[in-house]
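This document starts with one chain, in the form predicted alone, laid out as structure tokens.
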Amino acid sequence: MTPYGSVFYFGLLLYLAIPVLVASWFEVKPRRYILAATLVIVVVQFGLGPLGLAIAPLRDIGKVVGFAVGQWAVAALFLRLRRAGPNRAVFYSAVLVALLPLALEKFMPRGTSHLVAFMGISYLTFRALDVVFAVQDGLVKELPAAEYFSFLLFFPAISAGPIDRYRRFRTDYRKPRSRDELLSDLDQATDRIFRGLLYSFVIAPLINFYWLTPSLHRYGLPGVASYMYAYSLHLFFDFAGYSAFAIGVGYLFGIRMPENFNQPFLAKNITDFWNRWHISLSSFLRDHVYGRFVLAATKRRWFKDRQLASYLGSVLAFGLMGVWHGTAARYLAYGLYHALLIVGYGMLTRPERGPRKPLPLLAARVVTFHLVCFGFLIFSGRLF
């Protein structure tokens, strides 16, 4: 069943939220209930066929549960070994094992990958990796199973994010809400859910019906340009709508997940764009891939030019971002395209180049918008 795709799904969410809202009114945090509600949604989302529960969907439930238990076992074992002191080999091994299900899904033939593949595995893998990184950095000293499963499988974001961080989630998970906080969360939830309805059920379908679909049958440069703009806007409203639903439902349960979009098409440069678009993914790659690579390169003096480490870190992070979306050529090309934009912008703005007169704000936004839309054209596969 598609999340946020039917009246039944929203009705189920409402019924699941009522006990949490009542408990919050009495300033009680029903921690275990969050996990129970998550398991209900897992059964509904992965286990309901056209005629109810069926054998094949039940296998999908088994994949999700098996994935979660396996990831917790990896993190818990790594935490136990980490208490003896940092060990680079053990850390890298934990990262590789945590990545193994995603790698099987992405790179192995379908006959193999279907054993582990399910909707949302990319997002769940990054949440699992965040725990491994936090353990390595000494920021997580304990890993209760129920809390870990609640974080990893938190149902509002199980399929398409946002990619939350374990320590941030843990704070909300453990903290009871006051009545004032409950009312504030209800206000935020209402805002996000109605925004999701507007984006996903009004604007995105209108763009798809009146612009995107017709442009599929137009050829030549005008047809491709029309498709590029239509696809870019449709992708934003559809994805931002889903994120708004996820964040809004999270507020109902007292979990304040990070925002995923912040007016990305108003970005004044490509760096600003990635601070506004799919924020949870870009910040994850910045902190856990780019930042760690640059820190290691600087400490061990891999390169004479410190900027070179930054540029290569960008290529690594955005290359991984492309592969994370899929192994088709268009995804890798999309990631490398944005890596080149980031590196090019970094070269143009290096301090040693001296002061440069910036583009007027409107012109900078227009240029960035067109560069970004061309990237989405690559992502869409129309050029391939």
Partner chain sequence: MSTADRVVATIEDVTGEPAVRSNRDLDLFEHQVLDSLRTIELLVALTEHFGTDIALSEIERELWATPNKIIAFMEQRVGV
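Numbering follows the first chain given and starts at 1. This is a predicted model, so every value here is computed, not measured.
Separately, the form predicted together with the partner chain exists; it is not shown, and the next lines address it.
*Asks:* Among the candidate stretches 136-144, 251-259, 226-234, 175-183, which one is within 4.5 Å of the partner chain in the predicted complex when only heavy atoms are counted?
*Replies:* This holds for exactly one stretch, 136-144.
*Asks:* Which residue among Ser215, Ser200, Ser310, Thr125 has a heavy atom within 4.5 angstroms of the partner chain in the predicted complex?
*Replies:* None of the others qualify; the residue that does is Ser310.
*Asks:* Pick from Tyr242, Phe149, Trp277, Tyr290: which residue has any heavy atom within 4.5 angstroms of the partner chain in the predicted complex?
*Replies:* Here the answer is residue option Tyr290.
*Asks:* Looking at the partner-bound form in the predicted complex, is Thr298 within 4.5 Å of the partner chain by any heavy atom?
*Replies:* Because a heavy atom of Thr298 falls inside 4.5 Å of the partner chain in the predicted complex, the answer is yes.
*Asks:* Should Arg306 be classed as touching the partner chain in the predicted complex when contacts are defined as heavy atoms within 4.5 Å?
*Replies:* So Arg306 counts as contacting the partner chain.
*Asks:* Can you tell me if Ser159 lies within 4.5 angstroms of the partner chain in the predicted complex, counting non-hydrogen atoms only?
*Replies:* Looking in the predicted complex, residue contacts with the partner chain do not include Ser159, since no heavy atom lies within 4.5 Å.
*Asks:* Answer with yes or no whether Arg195 is in contact with the partner chain in the predicted complex, where contact means some heavy atom within 4.5 Å.
*Replies:* It does not: once the partner chain is placed as it appears in the predicted complex, Arg195 has no heavy atom within 4.5 Å of it.
*Asks:* Contact check in the predicted complex: Lys63, Val69 and Arg170 versus the partner chain, with a cutoff of 4.5 Å between any heavy atoms. Do all three pass?
*Replies:* Spot residues vs the partner chain: no contact at all.
*Asks:* Taking the partner chain in the predicted complex, which residues along 255-269 bring a heavy atom to within 4.5 Å of it?
*Replies:* Heavy-atom contacts within 4.5 Å come from Asn269 alone.
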